[in-house]
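To begin, one chain is listed below as structure tokens, in the form predicted alone.
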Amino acid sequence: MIQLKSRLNVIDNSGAIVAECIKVLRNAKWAEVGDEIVVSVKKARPISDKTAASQSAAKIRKGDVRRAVIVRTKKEIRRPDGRYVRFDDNACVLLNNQQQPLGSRILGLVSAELRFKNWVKVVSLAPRVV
């Protein structure tokens, strides 16, 4: 359950490290795995002049406001077969304007609920789906 001011780890290679939720994009006070939120980047990797010239990826800086999809939550998720799944941290993946992941790689595992919520591109980039 991610709400206003919740901090999330960013698990793609877009350049952001930590993001803070500033809006839940559905009519609720909290968001869960597979929901889209608006985040503010709180910590980002430094951009040097050499890497900026060679990289064609978007430069993410501290303070940038972006959309993201939640891929892991500490709050447990109930599966249809009765099992509960919970992760060690809250994590998200940043999105561009076309609802596609901003980075070209996803580092770490993601929840299987993303497949049922039509985030197929995020699932296909992830090294492991739990």
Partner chain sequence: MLSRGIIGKRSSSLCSLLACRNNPSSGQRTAAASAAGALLARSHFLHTSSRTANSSQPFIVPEPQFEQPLIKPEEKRPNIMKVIEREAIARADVDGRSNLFIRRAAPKSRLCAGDVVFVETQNSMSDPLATTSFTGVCIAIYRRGIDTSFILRNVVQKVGVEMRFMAYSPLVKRIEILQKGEGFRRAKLFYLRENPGKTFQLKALKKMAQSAASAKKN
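Remember, predicted model here, so these are calculated numbers, not experimental data. Positions refer to the first chain, counted from 1.
As for the form predicted together with the partner chain, it is not shown, yet the points below apply to it.
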Worksheet item: If we take heavy atoms and a 4.5 Å cut-off, which stretch out of 96 to 104, 61 to 69, 74 to 82, 29 to 37 is in contact with the partner chain in the predicted complex?
Response: 74 to 82
Discussion item. Please identify the residue among 22, 17, 25, 109 with any heavy atom within 4.5 Å of the partner chain in the predicted complex.
Written reply: 109
Item to complete: Could you confirm whether residue 5 comes within 4.5 Å of the partner chain in the predicted complex, counting heavy atoms only?
Response: no
Discussion item. Going through 110 to 130, which residues have a heavy atom within 4.5 Å of the partner chain in the predicted complex? Please give them in sequence order.
Written reply: 127, 128, 130
